[in-house]
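Quick setup: the structure tokens below cover two forms of a single protein chain, split into structure 1 and structure 2.
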Structure 1
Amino acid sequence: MATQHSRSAARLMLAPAVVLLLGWMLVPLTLTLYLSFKKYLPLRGDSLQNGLEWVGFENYARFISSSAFWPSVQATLIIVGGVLLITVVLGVLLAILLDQPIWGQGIVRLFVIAPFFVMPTVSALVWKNMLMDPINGIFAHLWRFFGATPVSWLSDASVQSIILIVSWQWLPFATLILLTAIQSLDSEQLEAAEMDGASPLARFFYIVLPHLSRAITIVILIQTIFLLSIFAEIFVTTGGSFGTRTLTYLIFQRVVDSQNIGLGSAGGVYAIILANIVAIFLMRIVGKNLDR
């Protein structure tokens, strides 16, 4: 049993890490909040040293009243939802497949997990130039082989293309988590159900899927946190065109292209609010599985 002295010593040892972590989060957040209420246009001579003009909630009003704001929120939610759907469904199927005793199981698992370690910019460039190029891409050659007209993926099916690219990168993560969970399933339950005459589908829906519910919840929560800030894949492929401009990319355009730091900071606050709303929604809907 921990004594008062040991608990005090533990708090003392944890204090530097906690202070560093809080500083790492609170300093940028505080600066973002501060700049969101200021008029900060560096190209027009504004600087922190000379003081900035206080504009109150003008930046917030301008950002949310922009014609690009709500479409960017919609694009963000569609991309996140599409990626989650694909990675969870295929992740479950791949986890079940990889759990089967097959020849070269370790090598197969390594190849399945490998895309997660590829940088987003690199994977996006591979998909853009090697696979989705309407002239020299592999998909274009396949379309011509079957007598069809090649598709300009990044312009005609831009949102679907982004979902496909991001799903390819995050599918190994979901598969790894779900494979670890499925390996902890008691095989005697499946054997007993099989002896009782349960079909493979019945065993999946009544035994395997309930066992994976907590792992699926973890996958959804972790992926959502990272997917809400998706940027590199869009920057490399479509540049925010054709309906793929997410909220993160809109903030980037306001800060870099327009050089309006105050407006971009207000957008950053909106992004934080959106992330918290989505997180609270997920925790209330699917996070209950973690308490079971």
Structure 2
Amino acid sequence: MATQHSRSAARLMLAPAVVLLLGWMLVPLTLTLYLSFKKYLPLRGDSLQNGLEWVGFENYARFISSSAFWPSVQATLIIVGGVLLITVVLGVLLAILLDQPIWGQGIVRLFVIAPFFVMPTVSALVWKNMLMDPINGIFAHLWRFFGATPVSWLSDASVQSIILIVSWQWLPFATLILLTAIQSLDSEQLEAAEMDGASPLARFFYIVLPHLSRAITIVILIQTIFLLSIFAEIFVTTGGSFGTRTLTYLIFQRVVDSQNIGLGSAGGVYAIILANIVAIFLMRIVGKNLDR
């Protein structure tokens, strides 16, 4: 982008993408904002044709004062945080493991990546019915085999179960990104550290982990964006009960179950605000790794 000419050419070529992205984002965003200030109950005969009643901030006030609001924010943060923790820690370990020359490396890598290609709905169903079912699930059989009482995962340890399922889905993503990062580590650096007297553990903490910091940052940022809006996993397994009602799920219930589109839209705006708070928070903590 050195010359005037190449700069303006670049702008011209970027323009369609920018316009498309803006339209993509702005249309739903404005519509959500617009609806959040209206009373819109389709079952009561409200419709866009007849014009909607302007209610000011009433939807916002109602959404936030509902007893389900703060628990849902909490559930969202716990699930996102738990999944991030598990995927990053296990992702780093798996990436190191997969980087070792092992027999059948290609196949093993394929297996590790596979969960990412399973649709969330399908994987949630598999987990719910095949693994976690308290009577017929594999876990239940395993527990009984060892003489323990089977756990009814989705009601007694519901949040943990959701975290487990979602982590299983996102672990491949984290592993893949971290694996490519590990492969770009100069082996001479590790050898130099070895000669400098660093134990394997010291090499991990002083050389490998700092080298991975940028990749970890990227994994955290990208995953957060997607994890804030997980839906299918909750819908299929607990249906939002047992403390697994995230903000996304609460909005869905307001719009679909109680057919209150105005209220749901106000919730959507809260979700945007929450996402931004989380994003700012993350950028503060880990974002400085990116501009190195």
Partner chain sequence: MGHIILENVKKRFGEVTVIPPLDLEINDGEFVVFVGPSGCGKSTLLRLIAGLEDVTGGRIIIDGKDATSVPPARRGLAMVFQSYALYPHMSVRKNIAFPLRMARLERAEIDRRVKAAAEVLNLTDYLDRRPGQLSGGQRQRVAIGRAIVREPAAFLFDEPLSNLDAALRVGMRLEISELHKRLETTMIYVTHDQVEAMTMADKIVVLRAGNIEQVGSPLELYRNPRNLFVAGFIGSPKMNLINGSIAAQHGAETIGIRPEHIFASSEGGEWHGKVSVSEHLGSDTFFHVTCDGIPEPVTVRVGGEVDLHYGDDIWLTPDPNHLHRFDTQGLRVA
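Note that the rigid core is defined as the largest set of C-alphas that superpose within 1.5 Å between two forms. Numbers given to residues start at 1 and step along the sequence of structure 1. Just so you know, these numbers come straight off a predicted model, no measurement behind them.
Working note: structure 1 is the copy from the form predicted on its own; the remaining copy is not.
Once both forms are fitted on their rigid core, the CA atom of residue 195 lies 2 Å or more apart between structure 1 and structure 2.
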